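Taking the form predicted alone, here's one chain by itself in structure tokens.
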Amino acid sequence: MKKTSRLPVTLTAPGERALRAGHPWLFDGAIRSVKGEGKAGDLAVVFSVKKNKCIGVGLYDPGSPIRIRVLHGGGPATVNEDFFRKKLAAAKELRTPLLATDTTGYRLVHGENDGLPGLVVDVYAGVCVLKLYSAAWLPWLDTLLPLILEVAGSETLVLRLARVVENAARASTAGAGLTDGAVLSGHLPEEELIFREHGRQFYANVVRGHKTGFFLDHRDNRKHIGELAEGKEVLDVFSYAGGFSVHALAGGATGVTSLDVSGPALEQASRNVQLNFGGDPAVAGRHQNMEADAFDGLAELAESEKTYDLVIVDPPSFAKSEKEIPGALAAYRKINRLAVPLVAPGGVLVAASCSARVTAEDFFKVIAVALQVSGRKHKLLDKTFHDVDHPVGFPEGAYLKTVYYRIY
């Protein structure tokens, strides 16, 4: 571990309340005073103003608005190898049931929600992919790497860096030589790996792919789509790499259309279809791509009076900041209003949101109103949230929500 210091910190009254409530982020405005200058990765030891007692410990990050990433609240803690080993072991234990489902792609550490804020570990077919969202973790890598490999039962680890962390790494001694996509342990013959998800196979580019190589959070919903798809015509809107499309084909869909604005994403969807069904041309032939902006594509399909038995609408995050929330709600309203006419009588609409700033209550209300405005009878079938490897430990951690409606 690179040398770090201990920084005595006191908070404002709202900051203390946030810490005592278990929030893992302490923003710069929550800090009353810091004894010393502090550098990324220093241990912030937080003292109460009134009683001068330690009420928490976290990692200091002077380059981020989230000034302290809380590792422990409620009193003092010794942050060392054993501390991190216990955190990682607890995270692995939570995922144990998932690993018994013919699944080799999963999230081992879900950042704040597993007590390690700003740090994510995904595992693809035995290869660990560590993604850092805070430069505060850079001085701790020497301690963390062998522990992650030990708990995951892996030999290979790839480092992925958020842009702000990669910039910090270039400028700091703690991050010297670290680059996005670097293999820090073991051997990686190819950038692209094949992993399994409930028996289906997918490609993940762990060096250059989005996030860590794949979007794992919708796993349970993709499985559910496979269970609903038998004998159905399916439209997968914002299909990206075809996760829903592959599971729909595996479930016996008579036809699947993957709609996305990105040609490379659709190419990846086709490759994932071939990976699973290349040996069965009859199944692979049921899949087709439609390259179009989702809003324009849905309007075009409606004009042609095309309908589907199962329509999945899973857009990227429409709200990355507080000020974007009204626009995001309007976009959810518009895209789902366009989708409703494409659902055949008796078919199912599956609408999802991955915008953390849009609450589940607001999102579900938007979908309900879109259905009411359509004038079609409908029945709520289910509401789903995060899979087991994406636990929720604080309000902002609850980003994924999905609703299923049968439409008559």
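Not measured: the values here are computed from a predicted model. Numbering starts at 1 and runs along the sequence shown.
Below, we turn to the form predicted together with ligand SAH, even though it does not appear here.
Student: Classify as open or blocked. Procedure: superimpose site C-alphas, place ligand SAH with its pose in the model of the complex, test each ligand atom against backbone and C-beta atoms at 2.4 Å; 3 or more hits mean blocked.
Tutor: The pocket is open.
Student: Among the candidate stretches 238 to 246, 154 to 162, 177 to 185, 85 to 93, which one is within 4.5 Å of ligand SAH in the model of the complex when only heavy atoms are counted?
Tutor: Looking at the partner contacts, the answer comes out as 238 to 246.
Student: Answer yes if any heavy atom of Ala294 is within 4.5 Å of a heavy atom of ligand SAH in the model of the complex; otherwise answer no.
Tutor: Ala294: contacts ligand SAH in the model of the complex.
Student: Hey, in the model of the complex, is Glu112 touching ligand SAH, heavy atoms inside 4.5 Å?
Tutor: Although ligand SAH is absent here, Glu112 would stay clear of it in the model of the complex, with no heavy atoms inside 4.5 Å.
Student: At the 4.5 Å heavy atom threshold, is Phe215 in contact with ligand SAH in the model of the complex?
Tutor: So Phe215 counts as contacting ligand SAH.
Student: When the contact criterion is heavy atoms within 4.5 Å, does Ala284 count as touching ligand SAH in the model of the complex?
Tutor: No, no contact at 4.5 Å.
Student: Taking a heavy atom within 4.5 Å as contact, would all three of Arg222, Ala265 and Asp314 count as contacting ligand SAH in the model of the complex?
Tutor: Yes, all three are in contact.
Student: Heavy atom within 4.5 Å of ligand SAH in the model of the complex: which of Val261, Ala171, Ala330, Leu145?
Tutor: By the 4.5 Å criterion, the partner-contacting residue is Val261.
Student: Residue by residue through 389 to 408, which ones have a non-hydrogen atom no more than 4.5 angstroms from ligand SAH in the model of the complex?
Tutor: Nothing in the stretch sits within 4.5 Å of the partner.
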